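Just one chain is shown here, as structure tokens, and it is the form predicted on its own.
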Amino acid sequence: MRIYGILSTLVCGTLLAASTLVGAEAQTKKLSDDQMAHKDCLGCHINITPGIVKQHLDSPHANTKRAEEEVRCHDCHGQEHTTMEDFAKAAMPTAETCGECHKKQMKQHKSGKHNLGWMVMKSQIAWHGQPGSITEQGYRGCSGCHKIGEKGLLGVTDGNMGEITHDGGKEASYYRYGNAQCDACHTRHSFKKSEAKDPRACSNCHMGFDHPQWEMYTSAKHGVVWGIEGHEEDSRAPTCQSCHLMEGDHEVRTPWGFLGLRIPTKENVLALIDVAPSLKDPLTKLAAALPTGNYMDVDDDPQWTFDRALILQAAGVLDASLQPTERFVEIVVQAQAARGPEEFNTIRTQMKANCNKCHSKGFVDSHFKASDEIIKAADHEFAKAIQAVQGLYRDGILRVPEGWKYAPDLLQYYDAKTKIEQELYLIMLEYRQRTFQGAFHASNDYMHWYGWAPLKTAVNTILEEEKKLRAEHQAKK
């Protein structure tokens, strides 16, 4: 160990000479206080965490054109930690720390969906039932990816539908690690732009059960070409970043959003009155709380509006009278799980223009419209299954579980009490997700065999199970 320490110190000295002093002349000058503090950090950590030191010295932070631009250890971690015993005094950087230099990217990130990741996760009822070993500082399961979101965001529900406040750092203070956000893509301590521009940087979160975008991308032609061409940055194939971080925009938004939902418009809902005149009063009341306008490429017929209303009901976003609930405010408005017409149209216009760089306008239009139709078809199948389960509750064949405010409740996930409701949960998070996401990512196998096919199977299972439960209930009378 002693030999290793001596060698490490020699290596550190060599690296310091190359990284903290610029040019041969500068090496003869007296080190500044900043440089001395930095040297002290590296001199210790080359023995304690040599990998981190190497990563930093190879990073853009350490290799600047001018010495005064160099980002040193204490710029991110403060100067309170000076000994091995007081390591807890080392400050852990946050996104705001990065924003001191990267102001534009920070502003975009704060306005984007990733910044809401933690808030979105906490809006899910099932998350709160998981053990602390999964949800808390271990960052396993949902929190492992959703920690990219800012902690401490609070929704306001007392009549202010859109406002989000902050707890002033209270929640974040419970977590020593995981408040940085930026390092989800620009991993520490290299923080290289080239890494964050590689689609593999997205793959550890955007994969798996409910959002296998990585698997879809790599199995579709765009990803195949990217792989064949050696993962080069200038590959002719688009990457995740090409489409979702256009021109480096850190908002990372898509028209349909993660769940393929849109906020119903006033016009959509009022059109339902002609189809369901008995619901005139609740529909009129609901319409008054909704935005006006039309969605680009998507002309809602009343049936699709009704199907989406049923999905929102089953998620507890609309109540039995089709009125917005506290979940509507928290999930749809504040956590931005669904888009209104203005935002949808703006993002879709940008997305289509980006696709037009390689594809003709006609091809792009047809691809988007065909994918929209797939969402429409999936929603209709899903709505049939929801209606069947709703009917079982309405007729007393299924009873509302203790503590549940809504039933069926899609957001209870795997805590649903019956097999028929477990199928609903799988439709929402797995099959429907894969159907519409596979369509937009041009992954035909995922769209059909991992999405549409099991979705249809699950709907048929639910409809047959409904008949069975009704027959059993009738036999008991």
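Fair warning: this is a prediction, and the values are worked out from it, not measured in the lab. In this text, residue numbers run from 1 along the sequence as written.
Just so it is clear, the following notes concern the form predicted in complex with ligand HEC, a form of the same protein that is not shown.
K.L.:
So if I measure heavy atom distances to ligand HEC in the predicted bound form, which of the stretches 307 to 315, 353 to 361, 166 to 174, 277 to 285 falls within 4.5 Å?
P.N.:
Selected range: 353 to 361.
K.L.:
Among the candidate residues 269, 388, 76, 329, which is the single one with a non-hydrogen atom no more than 4.5 Å from ligand HEC in the predicted bound form?
P.N.:
Of the listed residues, the single hit is 76.
K.L.:
Counting any non-hydrogen atom inside 4.5 Å, which residue from 302, 293, 155, 238 sits next to ligand HEC in the predicted bound form?
P.N.:
Filtering the options by heavy-atom distance leaves 238.
K.L.:
Ligand HEC is absent from this chain, but in the predicted bound form, do 40, 84 and 102 each have a non-hydrogen atom within 4.5 Å of it?
P.N.:
Yes, each of 40, 84 and 102 comes within 4.5 Å of ligand HEC in the predicted bound form.
K.L.:
Closest heavy atom of residue 414 to ligand HEC in the predicted bound form, within 4.5 Å or not?
P.N.:
Yes.
K.L.:
With the partner left out here, check for me: in the predicted bound form, does some heavy atom of residue 448 sit within 4.5 Å of ligand HEC?
P.N.:
Outside the cut-off, so no.
K.L.:
Using a 4.5 Å heavy atom cut-off, state whether residue 370 contacts ligand HEC in the predicted bound form.
P.N.:
No, residue 370 stays farther than 4.5 Å from ligand HEC in the predicted bound form.
K.L.:
Spell out, yes or no, whether the shortest heavy atom distance between residue 440 and ligand HEC in the predicted bound form is within 4.5 Å.
P.N.:
Taking the distances in the predicted bound form, the answer for residue 440 is yes, it comes within 4.5 Å of ligand HEC.
K.L.:
Looking at ligand HEC in the predicted bound form, which residues in 40 to 65 have at least one heavy atom within 4.5 Å of it?
P.N.:
Those in contact are 40, 41, 42, 44, 45, 48, 49, 52, 53, 56, 60, 61, 64, 65.
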